[in-house]
Structure formats: C-alpha cells, structure tokens
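Given as structure tokens, the chain that follows is alone and in the form predicted on its own.
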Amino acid sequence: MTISESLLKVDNIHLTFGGLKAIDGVSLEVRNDELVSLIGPNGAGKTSTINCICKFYDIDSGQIFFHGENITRLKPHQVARRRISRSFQNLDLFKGMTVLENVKLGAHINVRSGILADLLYYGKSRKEEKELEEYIVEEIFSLFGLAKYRNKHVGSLPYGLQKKIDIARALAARPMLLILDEPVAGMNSDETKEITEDIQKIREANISILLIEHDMDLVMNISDRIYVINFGENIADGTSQEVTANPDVIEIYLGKSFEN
C-alpha cells in the first residue's frame, strides 16, 4: 500500500530518553474508516507512540505521514489542524468548568476568530461560537447522551461520564483520525459497554480510530486490525484471529487462556 492510500502511516520510528530506547522501530498504518488497535504490556511504548504522532515528542528517526503528507517535523498545533485528535489515558478535564465549556475547548484549534476579531468583529465571533455550540449539542451531545449534563460542572459527575466527556472534547475538533488512549480504563462492565457502543457510533460517522486498550474483549470485538508491540518494537500485526493465534503474542501479553 502506498502512502497516499493510507490515512496514517508510521514508518520505523525511534525515540530515546537519555540512553533509554522508548521506541525502537515501530511501524503501523491506519486506513480510511478503519479501527486499528495498538496493544502490548505496560511500558511497551504505546502511549509514547501516539505522543510521537501528535508531536508531543520529537522522534529521533523515522517518518510519520498523514493523508499523504509528511508530518514528522510539524508542531503539535499544526498536527491538530490536520484533523488528528485524541483522548487521554489520565483525564485532563477542567473540573470547575461545565461539560459544554470543556467540550468547546476541544474545538479551539479550528476557531477562526481570535482576540483581534473579538474586538473588531464581535458579531462574527459570536456567530462562530453559536454555530460551534449548536454542533456540539446537536451532534456530539446527542451521540453520547450528554445534553442533560451540559451545564453541570465536570467535577460533580461520575468517572464514567468524565471519560465520555474527554472523548466528546476530542470529537469537537472534527477529526479525521481519533486516537483513544485506554478509554475504558477503570470502568465497570456497564460503563465499558456504553463506551464500546459510543466507539461504534463514532465509526458510523466515518471517523478512523487508533485505539490503545488493555480490555482484550473490547479490542478483539471491534478492531479491523491489531498491532502488538513490546519494548518499543513490533512483534505482530493482523486481524484479531491472527494476533490471538500468534505464539509470541500469547507468551508476551495475552497469556495461555488465548491458546486454541
């Protein structure tokens, strides 16, 4: 497959912190309308990989392409403007702000009006903000069932709802690629089921997803393809059936319960 046919292509990237190799040649690909999972043991380099994609880290070598463009040396805000958005493993919400205010922050990268426009063209700025609120309420809140919480302070809501809000905030940027970093971590079975259904709804909106997750039932049931890494290296990739049949994956990560 050529670069132009891929939405995201990570090609042999390397990252070191001091003398420690965090990523040692990871490659992966996400195609249009595809859900790809990246799995592996704790410390395997999964979050470091997505931090490199989003440009929170600068890689030592290798290349990253998005929609055929080499984004390897772009800044984080430039990558975000290419319509790559992410949720976070550890919630980074503003607990004293409302749900609507938090989700609106996710769209700031695409807001055209700045401070000068606010001063000189107040009507334009207000119109843009109104359109943004309408999009969030009608599209995102409707998708996640968050409308009734729009004016609630985030800190007063249960953990499961806060995880939904984090994903909703990432969607406010209208991404082509949504990166989800352990979206069901710490959730009970009912909350996990809800988030799984939400992820399926996102897929129906033709948004590609790169998923990091330790819940193997979720990963195996919804992934088109799976990449497995360990110590910053690729060890396997393929469909859920291919990955669960791989002896290296079973030994390093999945355990004997996945055999046969």
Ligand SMILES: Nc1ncnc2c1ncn2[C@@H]1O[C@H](COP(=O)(O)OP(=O)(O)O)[C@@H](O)[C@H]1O
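The first residue of the shown sequence is 1; numbering continues from there. All values reported here derive from a predicted model rather than from experimental measurement.
Beyond the structure shown, there is the form predicted together with the ligand, which is absent from this document and is the topic of what follows.
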item	value
Contact of G43 with the ligand in the predicted bound form (heavy atom, 4.5 Å)	yes
Heavy atom of T192 within 4.5 Å of the ligand in the predicted bound form	no
4.5 Å heavy atom contact, V249 to the ligand in the predicted bound form	no
Any non-hydrogen atom of F65 within 4.5 angstroms of the ligand in the predicted bound form	no
Segment that reaches the ligand in the predicted bound form - one of 203-211, 220-228, 45-53, 65-73, heavy atoms within 4.5 Å	45-53
Contacts with the ligand in the predicted bound form - residues in 6-20 whose heavy atoms fall within 4.5 Å	F17, L20
